[in-house]
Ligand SMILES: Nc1ncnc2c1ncn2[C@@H]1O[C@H](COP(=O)(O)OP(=O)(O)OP(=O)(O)O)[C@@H](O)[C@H]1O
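Next comes just one chain, in structure tokens: the form predicted alone.
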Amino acid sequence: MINKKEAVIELKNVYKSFGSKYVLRDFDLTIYKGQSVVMLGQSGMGKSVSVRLMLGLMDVDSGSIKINGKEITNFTEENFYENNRGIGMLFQNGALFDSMSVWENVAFSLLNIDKMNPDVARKIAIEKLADVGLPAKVANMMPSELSGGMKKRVGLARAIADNPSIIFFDEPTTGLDPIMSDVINNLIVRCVKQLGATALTITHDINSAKKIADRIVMLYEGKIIWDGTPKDLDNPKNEYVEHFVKGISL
């Protein structure tokens, strides 16, 4: 259930540039507990950069980012992993470790951060693989043996391995056919609801956005220029958003 009194993710007046080019400028976004938010935008608009900032993988130029009320812009390498406990991430291309088996990929944080017993971690990994529709026999396979859709599922299993309260999804359906895209969308919806998690998905896929989101925001020229529901997207009352949805260049 969405609790609009409890902000889980808060970005205020965030600026981020690379050289002389500003990717984010005066960027504001608040996501409340239990919300599934989708951020739409063209490629190169800064969607992935915003998530990296929220994870502490990049430093802001200025502004504030709070996760569960804690300011994270002063993260240090020493406290990075501790501060990111409870956060899951599905990377755009799965980002699986080629030298590790599937179960080792899924259990990566359990083994390396939680220092869990390998037998226990493997059991949890198999359970999470089952949650995303993959049989136990996949656990011992290597990433090179998997199809694109299977890699996405394994990446999703890893993202939910330690039952996170916050999950980020970076272009979860990129490179997939429409049928597999729908499968991944349904899995994301189910996993987020089962965990009661707060979720942020970044994508340019309108169909995914409508299926995944409680709320949709549009990023353009470094700012959020539109904020509404999936239903609102049918009549956004914003010229840029309307053209984006229809696939028409301005």
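Numbers follow the displayed sequence, beginning with 1. The model shown is predicted, which means the values in this text are computed figures rather than measured ones.
This protein has a second form, the form predicted in complex with this ligand, left out of what is shown; the following refers to that one.
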Within 4.5 Å, heavy atoms only, one stretch in 30 to 38, 64 to 72, 186 to 194, 44 to 52 touches this ligand in the predicted complex. Which? 44 to 52
Partner-free chain; cross-checking this ligand in the predicted complex, the single residue of H204, R215, K223, K211 with a heavy atom within 4.5 Å is H204
Between V14, L233, I9, V23, only one gets a heavy atom within 4.5 angstroms of this ligand in the predicted complex; which residue is that? V23
So in the predicted complex, does D114 come within 4.5 Å of this ligand, heavy atom to heavy atom? no
4.5 angstroms heavy atom contact with this ligand in the predicted complex for V60: no
Taking heavy atoms and a 4.5 Å cut-off, does E171 contact this ligand in the predicted complex? yes
4.5 angstroms heavy atom contact with this ligand in the predicted complex for S101: no
